[in-house]
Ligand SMILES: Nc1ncnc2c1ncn2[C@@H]1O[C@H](COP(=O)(O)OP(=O)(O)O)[C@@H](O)[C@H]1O
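Take a look at this single chain, the form predicted alone, given in structure tokens.
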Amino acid sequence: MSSPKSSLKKAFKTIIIPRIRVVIVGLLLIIVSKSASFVAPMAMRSFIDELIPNQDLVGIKNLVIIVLIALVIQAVTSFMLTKLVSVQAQYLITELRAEVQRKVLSLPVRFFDNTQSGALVSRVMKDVEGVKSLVGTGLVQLIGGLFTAAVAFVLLIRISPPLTLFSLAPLALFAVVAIKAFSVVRPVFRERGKIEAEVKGRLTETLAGIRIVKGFHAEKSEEASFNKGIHRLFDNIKKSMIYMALVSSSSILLAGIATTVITGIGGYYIINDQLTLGAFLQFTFLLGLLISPIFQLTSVGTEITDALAGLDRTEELLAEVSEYDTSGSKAFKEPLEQLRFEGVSYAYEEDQLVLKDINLEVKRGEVVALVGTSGAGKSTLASIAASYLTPTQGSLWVNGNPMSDLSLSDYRSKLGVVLQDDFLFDGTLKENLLFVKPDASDNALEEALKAAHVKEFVDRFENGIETVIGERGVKLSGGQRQRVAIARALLANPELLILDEATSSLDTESEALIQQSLATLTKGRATIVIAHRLSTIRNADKIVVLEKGEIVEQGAHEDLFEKKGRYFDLYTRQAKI
């Protein structure tokens, strides 16, 4: 964890310096506003000691006008300042959110496998909000308060050095208490962000899986899990509230002590003609201008401490290594002709290989089917082909080039994926289809709908292709969702197609239709198919049988069937021959 000093230095360098013009204008407005706030207290001495005793009505009138003008200046500059810094702070929050979201999308799939999506949402949306305390009102109050306190201190010394020194003793004690409290509470705020992210992450998962929760009557279990999280959050908040209450109570006590002592000593000086009544009242008002901003720094300090904790967490996320940073830079614009796995092994955890020494070639125009029991490594192999995972050992070659040398962005532009449980966004059918190719023509869209047999059920919808399908396509049946996913792949027209149980959600009639669509879809491109229903891949150019992460057989259906090996066992057991 970085220190407060290093965090402030980093925040100053990355947030304040790039906006130095706005900061300078803000500082000028602060100086004007706070300077205007001294006019009324400074007029008090003249008003009490000179104008009233001399019954100078003209002087009183002029003094009132001057004070009113100062108040107007203070109000106008305060409004301009708040408007300037608040808008700038909100814009900065928007920029940071965009930067963090861009960074998150660039991270490898493995990162998401180990991180709750709800926690990431919290980090994108909430952690960056604290920046408004550095560029917004928190910074204004901090600099304005310090300026006011400094000017007030100088003026107080000019009125009465002894009274000023008496008033500083409680303030010094308060500073010690505040510094200690903030050093303790900063890690608490940092931990709070993590707890909030975890709680929101779990809640997001619960709501996304509400059908499973209700299907297994697990409401009580989720309730208990959520309660545990929010009580951890409560304990954290309670701890920070106790420290902040200590600072706040100390400020009230010490301010009261300072005021009482100053009143007593001031009264003594007035009686002994060492201080006029006007000078004492002026001193009292100026002391308020000195004490008030210092005690306001309690809340400002809390905001800035929370902001720095949030920015620390944001910085951690931005420091994650993007998959595009580690990929090659060689352009890959030519058609994809060949994909070759050379001695590929992969382990999710050290020394626990799920793929072992895979050697496999997939050519353009070929359909290569991966079969095997659950856990054999089929999806892992497909994920490496899709560049979601990087081999632990060995390498992936594309058109004779190591995948590690090629531009990942160029490679992904040639990729199309249809998953077993394909993801659809909350929106219209048209929006979900155009997601892969926003500039697709209406004719291309119509062709994709027909080829995937989506048009058959879309035409029955009142709003047709503009029908809103709900989160994850919940308003569609499993078969309909799968056909939409296939239509999306047809529209994308990829050069490498990966089908993971693409027909698993379909009934017999739909499957027959989709098989026709897939036959069209796979023509002229390299295709990798993962299938448990072996009847669907009989026509594959090459069938690869995986067992415990190793290739045990490969060849055409007829050849493997005649060998009566592992594939024969799987096929006959499933077909019940």
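Quick note: we count residues from 1 along the sequence shown, nothing fancier. Note that the coordinates shown come from a computational prediction; the quantities given were computed from them, not determined experimentally.
Same protein, other form: the form predicted together with the named molecule, not shown, and the subject of what follows.
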query: The named molecule contact in the model of the complex: Glu462, any heavy atom under 4.5 Å; finding: no
query: Partner proximity in the model of the complex: Thr373 to the named molecule, non-hydrogen atom cutoff 4.5 Å; finding: yes
query: The named molecule contact in the model of the complex: Ser240, any heavy atom under 4.5 Å; finding: no
query: Arg110: touches the named molecule in the model of the complex, heavy atom cutoff 4.5 angstroms; finding: yes
query: Position in contact with the named molecule when the complex is considered in the model of the complex, options Leu233, Ile265, Val354, Leu445, heavy atoms within 4.5 Å; finding: Val354
query: Answer option from Gly416, Gly144, Gly118, Gly377, heavy atom within 4.5 Å of the named molecule in the model of the complex; finding: Gly377
query: Segment assignment from 399-407, 310-318, 332-340, 377-385: heavy atom within 4.5 Å of the named molecule in the model of the complex; finding: 377-385
query: Partner contacts in the model of the complex for 219-254 (non-hydrogen atom within 4.5 angstroms of the named molecule); finding: none
